[in-house]
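Encoded as structure tokens, the following chain is the form predicted on its own, with no partner shown.
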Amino acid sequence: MDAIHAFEHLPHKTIERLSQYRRALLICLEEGKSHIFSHEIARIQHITPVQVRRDLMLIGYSGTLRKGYNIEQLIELIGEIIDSEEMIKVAVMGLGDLGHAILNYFNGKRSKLSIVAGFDVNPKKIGTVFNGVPCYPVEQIQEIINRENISIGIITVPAKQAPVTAGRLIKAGIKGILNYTPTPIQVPEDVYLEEYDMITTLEKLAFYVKLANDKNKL
């Protein structure tokens, strides 16, 4: 059984944590560390050692009592589970400040994921290249997505334009959408959607800060 079918029923949160574990493990590897214990991973990720061990048990990996987990082996296994054998290509919809930040931060970070196209309505941006990624007019979405075999679209356009942008991506055959706007969008069942609302995240943080401040006043 290949990795895709063996792990297709992993919980979504486990997949998220595996990605986070790998980032932490790569840093540890660069620092010359060869093995790591669950409580060390837990401390880096701000979760419990029990959660780390549970996640790693789900993917069939165990360490030793004396040394813990082999970092290189664990990185390789997580890559086999998360990464595609073939390159998965990504497009960014909207090359404003957030779009630029995504291009600058992400490109080159993963060998099996690559941002290959950007789209915008600003004539001054169309035809230019940002961090190695060409910017196209939105009218060419269908053409470029088909030509480049793009599977994922990242939406960073103004909030009001998010539903229309999502519709264009879906019509062009995109199979995964990451929505960075606060406007909820609807997708068909065969399109995977992740929505990240920075305002909601900040309000959640503000709530917990308020609780902490209130406790300090008691």
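Quick note: we count residues from 1 along the sequence shown, nothing fancier. None of these values were measured; they are calculated from a predicted model.
Just so it is clear, the following notes concern the form predicted in complex with the DNA, a form of the same protein that is not shown.
Asker: Although the DNA is absent from this view, report whether Y192 comes within 4.5 Å of it in the predicted complex, heavy atoms only.
Answerer: Looking in the predicted complex, residue contacts with the DNA do not include Y192, since no heavy atom lies within 4.5 Å.
Asker: Looking at the partner-bound form in the predicted complex, is T64 within 4.5 Å of the DNA by any heavy atom?
Answerer: Heavy-atom contact with the DNA at 4.5 Å: present for T64.
Asker: Taking the DNA as it sits in the predicted complex, is K210 near enough to touch it, meaning that at least one heavy atom pair lies within 4.5 angstroms?
Answerer: The answer is no: K210 has no heavy atom within 4.5 Å of the DNA.
Asker: With a 4.5 Å heavy atom cut-off, would you call S38 a contact of the DNA in the predicted complex?
Answerer: Yes, S38 lies within 4.5 Å of the DNA in the predicted complex.
Asker: Which of P182, G176, G68, P163 has a heavy atom within 4.5 Å of the DNA in the predicted complex?
Answerer: That would be G68.
Asker: If we take heavy atoms and a 4.5 Å cut-off, which stretch out of 30-38, 165-173, 184-192, 148-156 is in contact with the DNA in the predicted complex?
Answerer: Correct option: 30-38.
Asker: Tell me whether I75, I82 and R110, taken together, all sit within 4.5 Å of the DNA in the predicted complex, counting heavy atoms only.
Answerer: The answer is no; none of I75, I82 and R110 reaches the DNA.
Asker: From first to last in sequence, which residues of 37-61 have any non-hydrogen atom within 4.5 angstroms of the DNA in the predicted complex?
Answerer: Those in contact are F37, S38, H39, T48, V50, Q51, R53, R54, M57, Y61.
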